[in-house]
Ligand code: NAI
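Quick heads-up: it's one chain on its own, the form predicted on its own, in structure tokens.
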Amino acid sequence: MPEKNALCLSFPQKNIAVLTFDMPDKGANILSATVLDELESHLDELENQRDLAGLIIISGKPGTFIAGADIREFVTSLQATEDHIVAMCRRGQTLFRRLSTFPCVTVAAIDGICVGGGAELAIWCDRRILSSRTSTEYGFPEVKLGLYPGWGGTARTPRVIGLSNAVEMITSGDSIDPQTAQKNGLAADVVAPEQLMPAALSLVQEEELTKRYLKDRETWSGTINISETELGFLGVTASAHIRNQTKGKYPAPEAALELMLSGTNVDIEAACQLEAEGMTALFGSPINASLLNIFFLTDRNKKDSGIDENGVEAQDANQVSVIGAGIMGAGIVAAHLKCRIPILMTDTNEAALQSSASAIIKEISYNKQTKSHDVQRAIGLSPLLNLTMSDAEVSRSDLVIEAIVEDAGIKKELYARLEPLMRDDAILMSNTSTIPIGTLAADLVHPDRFVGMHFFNPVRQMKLVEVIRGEKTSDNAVATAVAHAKRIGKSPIVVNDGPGFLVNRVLLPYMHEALELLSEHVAVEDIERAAKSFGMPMGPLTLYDVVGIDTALYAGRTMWEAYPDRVVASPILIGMLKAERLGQKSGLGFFSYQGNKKRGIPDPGLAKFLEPYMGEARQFTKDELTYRLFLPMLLEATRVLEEEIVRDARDVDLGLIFGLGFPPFKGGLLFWADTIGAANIVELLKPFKHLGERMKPTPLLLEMAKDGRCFYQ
């Protein structure tokens, strides 16, 4: 059979051509090399038709214009030479730039997602019309891959929408909505999806009469009119903002800023050349490779059903209940309401239930665009929340999510009362963060319909959900939990049952090692600095204060009971608990939060408090501190793989990035380990041999070192 084309040429009017992107057998259009060849062929053909009044570019896929370049083709070129990188950029620039010099007006009619290479193609058109569909967005996310737009985006965009607007869009990597696009001049109009083609045809006719697009072509091909004072002020303020956001760990936004600033005093052709040449410093760099890995991890997660067997379908969940009106329960309820999913919430304490409902309404009313609370949004979503004190009402739900106190006995009492009332096809879920699912399911009549669904705090910010499979949990229950987590905008990973599950199990060795370093006379600020220099969002001692010393002690005890041979039971936490130094909640922990301070400050009394727990002092280098903190995490991750707690090594990296903020620019814990190499890691562990089992290479690591294998094959 002949290969289907990705582009279709039609003529709705005799003198107006329409190129429709519609890649066969694909959910979204992407700009692969073959698609670019096809576009070039059509432009060659149309360029000779001198009677054309306009060319409209549109998508045949409702809700998606073009989702960007083919990222997989990028990966095959990561080792390319500088000349090849420049040539790749110049090829796209030259092709897209033809749209700005075409014999007729060119219009991009955009419905849905238009990002990356798709946004660059559209920005080279003379005009853009966007649909008012809520999913329509326009953006340049390349900096999130460690790059910047390389097909003319940094050269053309500042000339079309102004330098300040372009700097904000390109260096943040965030998309804008249709209304913002129209406001900053990127969109000529915003219309209903069904009016997109008629509006584009009308715009072509209007431009054919007025010839305004020709005036803009002349303006946009030259230099950017901005004074040296304005340019200097924009450079300083934008650079400071970028440094504050990236902490100097991500070079692409700063490179994009410098490129756009330096491109103001040259014409469009010279600006494109600067863009292509500058790309050589970013493309194929370690950070680019790491961020590409994050892209693929996320893409895989979106497609993963959570089970390996075919033919198992998730159940529909039309009615959901949450038991527990605490912080976690409220966060879970709010996540559902934001996705317009009706939900019921219950608690044994009616006052707590009412108070929680007020907090939930306040959260869901927040409008990100206006950065304020929207009364109309609250009015629209509030009817979806039902409060009840009745087990009978809860029992009619398709899914019941338990989010009560972290006590196995209390949870099991609830299940014993509720399960007999539930339908035989309903699924019961627990938000437990530490208690094994097998323990909680021990007395259930239907343990096959019981699954862990561990959300992370705060629910509104944390994307990760651990879906925990007990020994008797069915594939159907797992698939339903995974599908439901995605429905409310989360990224679920499936883990098998075990102490700490995945994230907490790998996190706790890192936190425990910080306590051991304290006892070896390492200063608090040195421990925190080592972690943050590595890229963690906060140091381990700050994390103790945020989590709460009592909560951390409970979780640590669970791990110590499970793995006493390698988990150190530090007396520091017990001492802090007795002294009521519980962290932020008490105003005093490893730092002081007294006076309602949200950010801790050094506590002058901490050194004296720690004196009884101090052992022999010694000096540490920065690298030693880094390895002391992060090698225990890595070793625990290899044990997780050995025990098949996760189905794939990639789940470890995604879980730690989304669950505890492991630095994305490292690509994930195991991806980072691959950059070092298993054999080198074994050598790095040798100086820590005296620390015992917790620093001993695992059989998996030794096997990988011997065979020269990586976690990512």
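Numbering starts at 1 and runs along the sequence shown. Values in this document were obtained by computation on a predicted structure and should not be read as measured data.
One more form of this protein, predicted in complex with the ligand, exists but is not displayed; see below.
Undergrad: Which single stretch, out of 194-202, 403-411, 135-143, 112-120, brings residue heavy atoms within 4.5 Å of the ligand in the predicted complex?
TA: Result of the contact check: 403-411.
Undergrad: Heavy atom to heavy atom, is Ile601 within 4.5 Å of the ligand in the predicted complex?
TA: No.
Undergrad: In the predicted complex, does Gly92 have a heavy atom within 4.5 Å of the ligand?
TA: Gly92 lies outside the contact set for the ligand.
Undergrad: Considering non-hydrogen atoms and a 4.5 Å limit, does the ligand approach Asp347 in the predicted complex?
TA: Answer yes; at least one heavy atom of Asp347 falls within 4.5 Å of the ligand in the predicted complex.
Undergrad: Heavy atoms within 4.5 Å of the ligand in the predicted complex: does Ser382 have any?
TA: Looking in the predicted complex, residue contacts with the ligand do not include Ser382, since no heavy atom lies within 4.5 Å.
Undergrad: Counting any non-hydrogen atom inside 4.5 Å, which residue from Gly535, Gly326, Gly438, Gly235 sits next to the ligand in the predicted complex?
TA: Flagged contact: Gly326.
Undergrad: With the ligand left out of view, which of Asn386, Thr621, Asn367, Asn457 would have a heavy atom within 4.5 Å of it in the predicted complex?
TA: By the 4.5 Å criterion, the partner-contacting residue is Asn457.
Undergrad: Give, in sequence order, every residue of 420-455 that has a heavy atom within 4.5 Å of the ligand in the predicted complex, or say none if there are no such residues.
TA: Counting only heavy atoms within 4.5 Å of the ligand in the predicted complex, the contacting residues of 420-455 are Asn431, Thr432, Ser433, His454, Phe455.
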